[in-house]
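Below sits a lone chain in structure tokens, taken as the form predicted alone.
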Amino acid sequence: MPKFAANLSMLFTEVEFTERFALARSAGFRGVEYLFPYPYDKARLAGLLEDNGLTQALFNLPPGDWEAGERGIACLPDRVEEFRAGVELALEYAHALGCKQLNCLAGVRPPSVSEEAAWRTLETNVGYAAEKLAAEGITLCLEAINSRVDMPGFVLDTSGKVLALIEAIDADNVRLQYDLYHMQIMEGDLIRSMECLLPWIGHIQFADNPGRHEPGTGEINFSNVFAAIDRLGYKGWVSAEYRPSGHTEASLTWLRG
């Protein structure tokens, strides 16, 4: 079976955030991720990881004002200094939590910014972040997020766009964060895609489609997909990033086999 992690921003939401670490461990997970650690004290989070024998698999760079609907600022020409400050903050948390991978959310291009300007800014910011993270032995992931359902206008909405950016940056520590849910919506052909993209994949996430719920609630054949991940020899984390259709514990039948 793949090496599964739990996304604590979506799973075990029946309890307060700090209580979810113990529930993830009890359910059988050995790694966790969540959207953002920044509202919480670094030492407190590090203690929760240590107490429960969990690895911090990944978290995102600061996204701007998430509550106001911002989904990353890496493509915004007027937010470069804020982006760079966010990289420094993320590195502080990565050191405290022993996290070896950070994800960069590209953001949604506003109408006032041209596609060329957004892409140029994205290249500059990702190159800056990659250099800073490489100096600390940390991988920078870039996620393609579907623009059809969840994030209309998101700059990186296909794996091809992420690969183009990786090629432009040309840094050894930049990888594709491959989300099965998002790529089922945008591209399909998941197993063949992973076979082709494997050299660039640094992290995998999943949810079923439609609905973004647990495996078995939609159209993706997860038995075949998980078997393919094993067959391909992928050794990284495979994170459950879905919204349970009911109680989290009841949604974990896929994990128990």
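Not measured: the values here are computed from a predicted model. For every residue, the number given is its place in the sequence shown, counted from 1.
Quick note: we don't show the form predicted in complex with a small molecule, though the next part is all about it.
*Asks:* Considering non-hydrogen atoms and a 4.5 Å limit, which listed residue (105, 140, 165, 94) is close to the small molecule in the predicted complex?
*Replies:* None of the others qualify; the residue that does is 105.
*Asks:* Wondering, does residue 145 line up within 4.5 Å of the small molecule in the predicted complex on heavy atoms?
*Replies:* Answer yes; at least one heavy atom of residue 145 falls within 4.5 Å of the small molecule in the predicted complex.
*Asks:* Give a yes/no on whether residue 66 approaches the small molecule to within 4.5 Å in the predicted complex, heavy atoms considered.
*Replies:* It does: once the small molecule is placed as it appears in the predicted complex, residue 66 has a heavy atom within 4.5 Å of it.
*Asks:* So in the predicted complex, does any heavy atom of residue 171 sit within 4.5 Å of the small molecule?
*Replies:* Because no heavy atom of residue 171 falls inside 4.5 Å of the small molecule in the predicted complex, the answer is no.
*Asks:* Any chance residue 56 has a heavy atom within 4.5 Å of the small molecule in the predicted complex?
*Replies:* Residue-level check for residue 56: no, no contact with the small molecule.
*Asks:* For the chain seen here without its partner, which of 22-30, 42-50, 204-212, 219-227 has a heavy atom within 4.5 Å of the small molecule in the predicted complex?
*Replies:* Contact-bearing stretch, as computed: 204-212.
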